[in-house]
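Presented below, as structure tokens, is a lone chain in the form predicted on its own.
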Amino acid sequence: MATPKPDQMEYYKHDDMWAVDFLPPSTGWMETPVNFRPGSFIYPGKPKHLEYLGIPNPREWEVTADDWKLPDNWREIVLKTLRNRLERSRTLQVFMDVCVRCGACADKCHFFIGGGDPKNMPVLRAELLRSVYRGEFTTAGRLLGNLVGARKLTIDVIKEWFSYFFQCTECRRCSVYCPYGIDTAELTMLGRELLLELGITVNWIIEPVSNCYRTGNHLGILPHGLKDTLEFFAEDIEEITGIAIEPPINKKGAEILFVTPSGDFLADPGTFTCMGYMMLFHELGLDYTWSTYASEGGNFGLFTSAEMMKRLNAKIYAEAKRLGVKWILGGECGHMWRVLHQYMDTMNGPADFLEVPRSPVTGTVFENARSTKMVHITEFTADLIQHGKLKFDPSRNDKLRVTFHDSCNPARGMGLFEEPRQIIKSVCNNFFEMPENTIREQTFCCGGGAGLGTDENMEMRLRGGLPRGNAVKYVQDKFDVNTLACVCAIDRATLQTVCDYWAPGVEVTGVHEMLANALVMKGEQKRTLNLRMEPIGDDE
């Protein structure tokens, strides 16, 4: 078990984080005000980004200030938007009415487990919104008030929504355990959408959205910057392998458009995963192209509003059509695949101008991608391995004792469980699973998803990361695990901090970084270094 640091956790009052006698607030949940303390909230969105995106009420404001500078008719705006969303979505209406508050989800949220705040129980977090729905839209709520769990919309409620809807990573673990199938993440998404109508959002989400809308990617990388980055990676690959790679960019008529999150371009260890893609595609002789327009697979619109998600995702199909490719291959990313797998076809489809994806190497037709025309990189690579199309030297990864983190969106959101594991087992000799109730569909979140992975809310991230960190610590102690692999750019960025805090000594890697290190390429020089320029195998 990870050694806790209770002074960083607001509600736990003892040296033993797992003591049963922690002290929750003494007041009822409706009477307990929000405590905006340093480390527990994210800085508000800067007005220039709201202005660029056409979001209402752009202004400078502070989370800790009494006055959030809302428009005079803010109540009318929120209630009108809420009514509109409920009328448009039968699902949301059902989620509002069907919950019986049984508590099956209560202890499933990593933020509640890590911090003990009752309002981070998914059932109570949803009640923050449901209570207003009852108070403003139901007869029983208007007549009986808090006797039926109803309340009116106030400024304090808005502040409460901001606090707790941005303490939800939309990971959907709670929905796995709900006997009614309520998806609390959908309610979080609705809550954030309502706040956005008042110009309330966080900068770590809205700035990437603004950048993506303006430049095609979250980081604001311009076309020449992306070209320089890929060429820089190619130079490192040539130094390590002796093989020269020329990354194809904006190539018209290529068979495949490859799209990956921009974190793979500039953020270690994602950069090594990106180099892994390049080595794999070169070895296969794949007819593919990168795009400087659709240079972002991730979609922070998912954390903002349905309209913003649709707007940002449209560029992928638009570029596929412009370049004349046959189908689309996507890299290791989490929310990218939640959007593509669950929303893309109805938001931006149908993609009738593309073909059903077919591997040019194995001939496999990816029937599961018949609708969206997009294939996950681990599906593509696992198929290559099944057909014996790649040669590996797993001993190059013998310094690694690996466990695998199922990223919430590809795993729980799209059922991608076995393909990453098949790749890992093919390229390394030491693989160990974390406890069964912490992986696959029941996987714990990194604690920094849904746009929460910024440093100013570090306490919140580390509280949310405790369950995953604890599972990593378990296999570290039992099997000497020193490496945590995953297939998500946000996970690669945030899990290293989680591991440094809860399981020091464990390093984070992408699956295709490990694959590239083990990949035996035609014409390669003797490999003595891995992609991080560290000695491999027995070489020191």
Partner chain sequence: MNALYSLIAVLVLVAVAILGVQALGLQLFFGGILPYFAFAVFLAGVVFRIQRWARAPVPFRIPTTCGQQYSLPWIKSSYLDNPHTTTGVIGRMLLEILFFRSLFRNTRAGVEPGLKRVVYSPSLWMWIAALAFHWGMAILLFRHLRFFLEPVPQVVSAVIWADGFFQVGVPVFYITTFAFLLGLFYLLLRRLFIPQIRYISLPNDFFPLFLLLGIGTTGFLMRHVVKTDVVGIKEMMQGLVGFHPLVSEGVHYLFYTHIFLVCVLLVYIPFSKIMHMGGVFLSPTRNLANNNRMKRHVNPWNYPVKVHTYPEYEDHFRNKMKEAGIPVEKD
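Note that the coordinates shown come from a computational prediction; the quantities given were computed from them, not determined experimentally. Positions refer to the first chain, counted from 1.
If you look for the form predicted in complex with its partner chain, you will not find it shown, but the lines that follow are about it.
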Residue stretch of 151-159, 107-115, 232-240, 273-281 approaching its partner chain in the predicted complex, non-hydrogen atom distance within 4.5 Å: 107-115
Residue among Ser426, Thr81, Ser89, Asn203 with a heavy atom within 4.5 Å of its partner chain in the predicted complex: Ser89
Residue (of Thr372, Asn457, Gln167, Thr260) lying close to its partner chain in the predicted complex, criterion heavy atoms within 4.5 Å: Thr372
Interface membership of Arg401, its partner chain in the predicted complex, 4.5 Å heavy atom rule: no
Partner contact for Ile77 in the predicted complex: its partner chain, 4.5 angstroms, heavy atom: no
Phe432: touches its partner chain in the predicted complex, heavy atom cutoff 4.5 angstroms: no
Touches its partner chain in the predicted complex: Val94 (any heavy atom, 4.5 Å): yes
Output flag, Pro24, Gln422 and Pro467 jointly within 4.5 Å of its partner chain in the predicted complex, heavy atom basis: yes
Residues within stretch 378-397 having a non-hydrogen atom within 4.5 Å of its partner chain in the predicted complex: Glu379, Ala382, Asp383, Gln386, His387
